[in-house]
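First, one chain by itself: the form predicted on its own, in structure tokens.
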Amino acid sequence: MRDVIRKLASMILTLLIVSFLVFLAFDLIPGDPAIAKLGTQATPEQVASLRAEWGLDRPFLIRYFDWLFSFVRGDMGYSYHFDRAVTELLSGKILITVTLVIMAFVMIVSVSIPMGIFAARHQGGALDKSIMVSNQLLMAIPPFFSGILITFLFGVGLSFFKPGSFVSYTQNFGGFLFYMIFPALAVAIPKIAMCVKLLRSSILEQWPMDYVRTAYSRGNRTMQVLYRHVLRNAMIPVVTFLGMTLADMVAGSIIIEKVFNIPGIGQILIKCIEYRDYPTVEAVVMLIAFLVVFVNFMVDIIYRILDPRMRQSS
């Protein structure tokens, strides 16, 4: 319990440090949000007036703590560019990005675990060799390039979807889920290849262990030994990898959203950086940071549940 509390405190401290660095970075980089809003033809008086309205003329630390306390209360500020509350602006876009990440994660788990087990059970066979060769190829393909290939194959070639024509979940939820299959597949493909290779190697490392021979001596069959004993230990590094993958996909979905014209938080982040819309950018970065840190925290908890040695050492 004390270890969990310590990790929670560490998570909160990490988010505080990230929030400060993010706020500081946007304060230091060139560009004035007021000029970006008004245009280069605006007079100095107009720029100064808008800066005062937005509170940009106040000292840095006062602005930071004011923003931080508001953010903790759920007030993410007001978008400079869109003239809307950031919370309202991001509410629907967060759902789109989360859907993309969840669908990709489900694909990774549902495909890589059975395939990794199959490859380990048939080590050295023709199918195992084919899977390993395919894995090496798929791991080398970046998600944005696999997104382009999927768009060309399923969108242009087979006409399963119209490239660039995003279907909103508010208009057609079924069409939205169908459209999201393809960007989710682009995100999932290299991760599936990595997970298959990791699980296969992990199972093969466990197979010569003494506890496996003991399980066989008690009359267990191969499948019983695999699923009751070997897989539990082999899944420990895989769970860690899946957690890191989930955290990575939260940030990596930005590129895929651009390829498939998905109006998620990735698209809004790119646009708001261009327009120096710092309240929106800071909110998006903090949301991504929170999801990454929280996922890593949950992975650590699950890791300790699976591995009793971690609980004994804490």
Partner chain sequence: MKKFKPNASLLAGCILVGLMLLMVLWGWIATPYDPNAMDADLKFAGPSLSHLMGCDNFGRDVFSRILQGVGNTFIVSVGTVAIGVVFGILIGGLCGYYGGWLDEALMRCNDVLFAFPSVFLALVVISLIGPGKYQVIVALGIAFIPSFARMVRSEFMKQRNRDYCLSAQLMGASSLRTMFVHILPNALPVILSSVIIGFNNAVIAEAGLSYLGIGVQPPEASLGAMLSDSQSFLYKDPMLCIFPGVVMALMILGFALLAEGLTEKKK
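Numbering follows the first chain given and starts at 1. Not measured: the values here are computed from a predicted model.
If you look for the form predicted in complex with the partner chain, you will not find it shown, but the lines that follow are about it.
Asks: For residue 18, is any heavy atom within 4.5 Å of the partner chain in the predicted complex, or not?
Replies: It does: once the partner chain is placed as it appears in the predicted complex, residue 18 has a heavy atom within 4.5 Å of it.
Asks: Does the partner chain get within 4.5 angstroms of any non-hydrogen atom of residue 77 in the predicted complex?
Replies: Close contact is absent here: in the predicted complex, residue 77 is far from the partner chain, nothing within 4.5 Å, heavy atoms only.
Asks: Is it the case that residue 25, even though its partner is missing from this view, gets within 4.5 Å of the partner chain in the predicted complex, heavy atoms only?
Replies: Yes.
Asks: Although the partner chain is absent from this view, report whether residue 237 comes within 4.5 Å of it in the predicted complex, heavy atoms only.
Replies: It does not: once the partner chain is placed as it appears in the predicted complex, residue 237 has no heavy atom within 4.5 Å of it.
Asks: If the cut-off is 4.5 angstroms on heavy atoms, which of these, 289, 56, 34, 68, is the one near the partner chain in the predicted complex?
Replies: Here the answer is residue option 289.
Asks: In the predicted complex, does every one of 63, 91 and 106 come within 4.5 Å of the partner chain, counting any heavy atom?
Replies: No: none of 63, 91 and 106 comes within 4.5 Å of the partner chain in the predicted complex.
Asks: Which of 69 to 77, 152 to 160, 112 to 120, 98 to 106 has heavy atoms within 4.5 Å of the partner chain in the predicted complex?
Replies: Contact-bearing stretch, as computed: 152 to 160.
Asks: Using a 4.5 Å cut-off on heavy atoms, which residues of 264 to 285 contact the partner chain in the predicted complex?
Replies: 269, 270, 273, 276, 278, 281, 285 sit within 4.5 Å of the partner.
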